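Single chain ahead, written as C-alpha coordinates, the form predicted alone.
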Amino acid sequence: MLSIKVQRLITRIPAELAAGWAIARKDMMIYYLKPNIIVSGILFPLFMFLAFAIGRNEDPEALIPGLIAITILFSASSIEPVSIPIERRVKTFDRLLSAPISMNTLVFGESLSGFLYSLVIALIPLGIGVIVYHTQVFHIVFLSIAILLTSFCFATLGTLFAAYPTENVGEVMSMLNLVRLPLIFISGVFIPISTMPLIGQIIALLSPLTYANDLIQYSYGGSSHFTPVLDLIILIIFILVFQAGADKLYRKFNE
(Lines give C-alpha, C1' and ligand atoms only; values in the text may rest on other atoms or scores of the structure.)
Protein backbone atom coordinates (compact mmCIF):
# COMPACT_ATOMS: atom_id res chain seq x y z
CA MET A 1 0.00 0.00 0.00
CA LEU A 2 2.78 2.42 0.92
CA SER A 3 4.68 1.73 -2.28
CA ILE A 4 1.56 2.43 -4.35
CA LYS A 5 1.10 5.81 -2.63
CA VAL A 6 4.76 6.65 -3.18
CA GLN A 7 4.50 5.71 -6.86
CA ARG A 8 1.42 7.90 -7.28
CA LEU A 9 3.20 10.78 -5.59
CA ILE A 10 6.23 10.37 -7.84
CA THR A 11 4.08 10.28 -10.97
CA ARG A 12 2.31 13.47 -9.84
CA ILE A 13 5.52 15.47 -9.40
CA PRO A 14 6.05 16.38 -13.10
CA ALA A 15 2.42 17.51 -13.42
CA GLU A 16 2.62 19.57 -10.22
CA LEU A 17 5.89 21.20 -11.32
CA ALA A 18 4.39 22.00 -14.71
CA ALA A 19 1.37 23.57 -13.00
CA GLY A 20 3.62 25.63 -10.72
CA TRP A 21 5.59 26.88 -13.72
CA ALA A 22 2.35 27.76 -15.56
CA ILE A 23 1.25 29.90 -12.59
CA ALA A 24 4.62 31.64 -12.43
CA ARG A 25 4.69 32.20 -16.21
CA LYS A 26 1.25 33.76 -16.09
CA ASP A 27 2.41 36.24 -13.42
CA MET A 28 5.59 36.98 -15.37
CA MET A 29 3.63 37.90 -18.50
CA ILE A 30 1.01 40.04 -16.75
CA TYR A 31 2.51 41.69 -13.67
CA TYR A 32 6.27 42.19 -14.02
CA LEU A 33 5.98 45.59 -15.71
CA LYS A 34 3.11 47.00 -13.67
CA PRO A 35 4.02 50.46 -12.27
CA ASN A 36 3.25 49.61 -8.63
CA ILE A 37 5.55 46.58 -8.78
CA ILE A 38 8.36 48.62 -10.34
CA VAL A 39 7.99 51.29 -7.65
CA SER A 40 7.75 48.93 -4.67
CA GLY A 41 10.23 46.38 -5.99
CA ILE A 42 12.96 48.58 -7.47
CA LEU A 43 12.65 52.31 -6.86
CA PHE A 44 11.52 52.23 -3.23
CA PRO A 45 14.44 50.15 -1.89
CA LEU A 46 16.90 52.13 -4.04
CA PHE A 47 15.75 55.51 -2.72
CA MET A 48 15.63 54.22 0.85
CA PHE A 49 19.16 52.88 0.55
CA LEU A 50 20.45 56.13 -0.92
CA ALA A 51 18.81 58.11 1.89
CA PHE A 52 20.87 56.18 4.43
CA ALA A 53 24.05 55.69 2.37
CA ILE A 54 24.65 59.25 1.19
CA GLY A 55 26.95 61.09 3.55
CA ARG A 56 28.31 57.96 5.19
CA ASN A 57 32.06 57.52 4.85
CA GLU A 58 31.99 53.86 3.96
CA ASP A 59 33.52 51.94 1.07
CA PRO A 60 31.22 50.58 -1.64
CA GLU A 61 32.26 47.07 -0.56
CA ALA A 62 30.44 47.70 2.70
CA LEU A 63 27.34 49.23 1.09
CA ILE A 64 26.69 47.03 -1.95
CA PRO A 65 25.86 43.86 0.07
CA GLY A 66 23.21 45.77 2.02
CA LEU A 67 21.76 47.17 -1.20
CA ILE A 68 21.52 43.66 -2.66
CA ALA A 69 19.81 42.38 0.49
CA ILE A 70 17.08 45.02 0.67
CA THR A 71 16.57 44.96 -3.11
CA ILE A 72 15.85 41.24 -2.91
CA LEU A 73 13.58 41.77 0.10
CA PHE A 74 11.35 44.25 -1.73
CA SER A 75 11.48 42.83 -5.26
CA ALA A 76 10.83 39.21 -4.27
CA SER A 77 7.88 40.04 -2.02
CA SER A 78 6.16 42.52 -4.36
CA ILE A 79 4.64 40.27 -7.04
CA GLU A 80 2.13 38.14 -5.12
CA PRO A 81 0.63 40.96 -2.97
CA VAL A 82 -0.29 42.64 -6.27
CA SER A 83 -1.24 39.70 -8.48
CA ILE A 84 -3.37 37.67 -6.06
CA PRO A 85 -5.72 40.48 -4.88
CA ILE A 86 -6.21 41.57 -8.50
CA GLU A 87 -7.04 38.01 -9.53
CA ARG A 88 -9.48 37.72 -6.65
CA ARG A 89 -11.19 40.85 -7.95
CA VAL A 90 -11.52 39.54 -11.51
CA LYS A 91 -12.36 36.02 -10.23
CA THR A 92 -9.47 34.27 -11.99
CA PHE A 93 -7.98 33.18 -8.67
CA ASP A 94 -11.02 30.96 -8.13
CA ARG A 95 -10.00 28.98 -11.18
CA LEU A 96 -6.59 28.32 -9.67
CA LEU A 97 -8.22 27.12 -6.47
CA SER A 98 -10.48 24.75 -8.37
CA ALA A 99 -7.68 23.40 -10.58
CA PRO A 100 -6.60 19.77 -9.98
CA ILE A 101 -3.39 20.75 -8.22
CA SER A 102 -2.35 20.74 -4.59
CA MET A 103 -2.36 23.88 -2.47
CA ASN A 104 1.39 23.48 -2.03
CA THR A 105 1.80 23.69 -5.80
CA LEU A 106 -0.32 26.84 -5.96
CA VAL A 107 1.79 28.47 -3.24
CA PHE A 108 5.01 27.31 -4.92
CA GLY A 109 3.92 28.63 -8.32
CA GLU A 110 2.98 32.04 -6.94
CA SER A 111 6.26 32.23 -5.01
CA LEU A 112 8.22 31.15 -8.08
CA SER A 113 7.15 34.26 -9.98
CA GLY A 114 8.48 36.53 -7.23
CA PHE A 115 11.62 34.43 -6.99
CA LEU A 116 12.46 34.76 -10.69
CA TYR A 117 11.64 38.47 -10.70
CA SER A 118 13.97 39.03 -7.76
CA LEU A 119 16.83 37.14 -9.39
CA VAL A 120 16.74 39.53 -12.33
CA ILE A 121 16.47 42.64 -10.16
CA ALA A 122 19.31 41.47 -7.89
CA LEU A 123 21.64 41.64 -10.88
CA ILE A 124 21.29 45.45 -10.92
CA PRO A 125 23.07 46.25 -7.62
CA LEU A 126 25.39 43.30 -8.18
CA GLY A 127 26.39 44.68 -11.58
CA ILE A 128 26.74 48.23 -10.26
CA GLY A 129 29.10 46.99 -7.59
CA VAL A 130 31.28 44.98 -9.98
CA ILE A 131 31.29 47.33 -12.99
CA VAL A 132 31.14 50.78 -11.41
CA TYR A 133 32.84 50.32 -8.05
CA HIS A 134 34.96 47.25 -8.89
CA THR A 135 33.84 45.46 -5.75
CA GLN A 136 35.34 42.01 -5.40
CA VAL A 137 33.31 38.93 -4.53
CA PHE A 138 35.46 36.59 -2.45
CA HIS A 139 32.98 33.70 -2.17
CA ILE A 140 30.99 33.43 -5.40
CA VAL A 141 29.35 30.13 -4.46
CA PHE A 142 28.05 31.48 -1.15
CA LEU A 143 26.83 34.66 -2.86
CA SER A 144 24.96 32.66 -5.50
CA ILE A 145 23.32 30.43 -2.91
CA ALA A 146 22.53 33.45 -0.73
CA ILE A 147 20.74 35.23 -3.60
CA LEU A 148 18.79 32.09 -4.52
CA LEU A 149 17.64 31.28 -0.99
CA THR A 150 16.95 34.90 -0.05
CA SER A 151 14.90 35.47 -3.18
CA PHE A 152 12.73 32.41 -2.62
CA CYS A 153 12.42 33.13 1.10
CA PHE A 154 10.98 36.61 0.59
CA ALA A 155 8.92 35.54 -2.42
CA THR A 156 7.23 33.01 -0.14
CA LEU A 157 6.79 35.74 2.46
CA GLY A 158 4.92 37.80 -0.14
CA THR A 159 2.72 34.81 -0.99
CA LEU A 160 2.03 34.31 2.72
CA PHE A 161 0.76 37.88 3.18
CA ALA A 162 -1.25 37.69 -0.05
CA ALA A 163 -3.29 34.90 1.56
CA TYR A 164 -5.28 37.61 3.38
CA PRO A 165 -8.72 37.44 1.70
CA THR A 166 -9.00 40.86 0.13
CA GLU A 167 -9.34 42.25 -3.37
CA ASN A 168 -7.51 45.45 -2.40
CA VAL A 169 -3.79 45.51 -3.24
CA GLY A 170 -3.22 48.38 -0.81
CA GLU A 171 -4.44 46.35 2.17
CA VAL A 172 -1.92 43.58 1.55
CA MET A 173 0.92 46.01 0.83
CA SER A 174 0.19 47.97 4.00
CA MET A 175 0.38 44.84 6.15
CA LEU A 176 3.50 43.65 4.34
CA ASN A 177 5.27 46.99 4.79
CA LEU A 178 4.58 46.81 8.52
CA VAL A 179 6.95 43.84 8.45
CA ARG A 180 9.39 44.76 5.65
CA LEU A 181 10.33 48.22 6.89
CA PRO A 182 11.23 47.18 10.48
CA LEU A 183 13.24 44.25 9.07
CA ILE A 184 15.61 46.71 7.39
CA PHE A 185 16.52 48.38 10.67
CA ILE A 186 16.86 45.30 12.88
CA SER A 187 18.74 43.05 10.45
CA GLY A 188 22.20 44.61 10.38
CA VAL A 189 21.83 46.23 6.95
CA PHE A 190 22.55 49.76 8.20
CA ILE A 191 23.54 49.12 11.83
CA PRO A 192 25.90 46.21 12.59
CA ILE A 193 24.26 43.66 14.86
CA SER A 194 27.27 43.68 17.18
CA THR A 195 26.70 47.38 17.95
CA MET A 196 22.99 46.97 18.73
CA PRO A 197 21.74 46.82 22.33
CA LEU A 198 21.02 43.33 23.64
CA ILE A 199 17.30 43.54 22.97
CA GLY A 200 18.05 44.58 19.36
CA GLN A 201 20.39 41.63 18.89
CA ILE A 202 17.71 39.25 20.19
CA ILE A 203 15.06 40.69 17.87
CA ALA A 204 17.49 40.49 14.94
CA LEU A 205 17.60 36.71 15.38
CA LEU A 206 13.93 36.57 14.34
CA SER A 207 14.52 38.28 10.98
CA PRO A 208 15.33 36.27 7.84
CA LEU A 209 16.96 39.41 6.43
CA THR A 210 19.54 39.18 9.23
CA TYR A 211 20.89 35.88 7.92
CA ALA A 212 20.57 36.90 4.27
CA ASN A 213 22.52 40.11 4.81
CA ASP A 214 25.10 38.31 6.96
CA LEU A 215 25.73 35.72 4.25
CA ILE A 216 25.97 38.33 1.50
CA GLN A 217 28.36 40.40 3.62
CA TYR A 218 30.52 37.30 4.11
CA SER A 219 30.52 36.66 0.34
CA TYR A 220 32.04 40.10 -0.20
CA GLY A 221 34.77 39.43 2.35
CA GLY A 222 33.09 41.36 5.14
CA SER A 223 32.79 40.28 8.75
CA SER A 224 30.18 37.61 9.45
CA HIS A 225 28.17 37.68 12.67
CA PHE A 226 27.17 34.04 12.23
CA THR A 227 28.72 31.17 10.30
CA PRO A 228 27.80 30.85 6.59
CA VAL A 229 26.44 27.35 7.15
CA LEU A 230 24.15 28.58 9.94
CA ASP A 231 22.91 31.39 7.69
CA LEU A 232 22.02 28.86 4.99
CA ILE A 233 20.24 26.53 7.41
CA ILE A 234 18.18 29.33 8.97
CA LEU A 235 17.14 30.67 5.55
CA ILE A 236 15.95 27.19 4.54
CA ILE A 237 13.98 26.93 7.78
CA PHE A 238 12.30 30.29 7.11
CA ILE A 239 11.38 29.12 3.59
CA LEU A 240 9.74 25.97 4.96
CA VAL A 241 7.90 27.91 7.67
CA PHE A 242 6.58 30.52 5.22
CA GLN A 243 5.58 27.81 2.73
CA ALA A 244 3.73 25.79 5.38
CA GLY A 245 2.10 28.92 6.80
CA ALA A 246 0.93 30.08 3.37
CA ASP A 247 -0.46 26.63 2.58
CA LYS A 248 -2.44 26.62 5.83
CA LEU A 249 -3.80 30.16 5.38
CA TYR A 250 -4.92 29.60 1.80
CA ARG A 251 -6.75 26.47 2.89
CA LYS A 252 -8.36 28.31 5.81
CA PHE A 253 -9.51 31.35 3.83
CA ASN A 254 -10.76 29.34 0.85
CA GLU A 255 -12.64 26.50 2.50
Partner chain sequence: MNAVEVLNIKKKFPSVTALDDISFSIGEGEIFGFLGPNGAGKTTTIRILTGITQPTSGTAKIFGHDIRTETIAARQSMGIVHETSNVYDDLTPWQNLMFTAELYHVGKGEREKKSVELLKIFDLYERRNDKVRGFSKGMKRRLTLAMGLVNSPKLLFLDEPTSGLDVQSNLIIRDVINDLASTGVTVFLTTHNIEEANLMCDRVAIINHGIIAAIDTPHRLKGTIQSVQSIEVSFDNSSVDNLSLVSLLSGVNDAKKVGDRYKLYTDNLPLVIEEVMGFAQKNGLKVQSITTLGPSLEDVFIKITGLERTGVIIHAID
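Positions refer to the first chain, counted from 1. It should be emphasised that the depicted structure is a prediction, and the values quoted were computed from it without experimental measurement.
One more form of this protein should be noted, the form predicted together with the partner chain, which is absent from this view; the next part is about it.
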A22, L96 and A99 all contacting the partner chain in the predicted bound form, non-hydrogen atom within 4.5 Å: yes
Among the candidates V39, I30, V229, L206, the residue which, in the predicted bound form, approaches the partner chain to within 4.5 Å (heavy atoms): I30
Residue (of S144, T92, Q136, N168) lying close to the partner chain in the predicted bound form, criterion heavy atoms within 4.5 Å: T92
Contact flag, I233 vs the partner chain in the predicted bound form, heavy atom cut 4.5 Å: no
Interface membership of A15, the partner chain in the predicted bound form, 4.5 Å heavy atom rule: yes
Residue contact check: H225 to the partner chain in the predicted bound form, 4.5 Å heavy atom: no
Segment assignment from 154-162, 170-178, 101-109, 122-130: heavy atom within 4.5 Å of the partner chain in the predicted bound form: 101-109
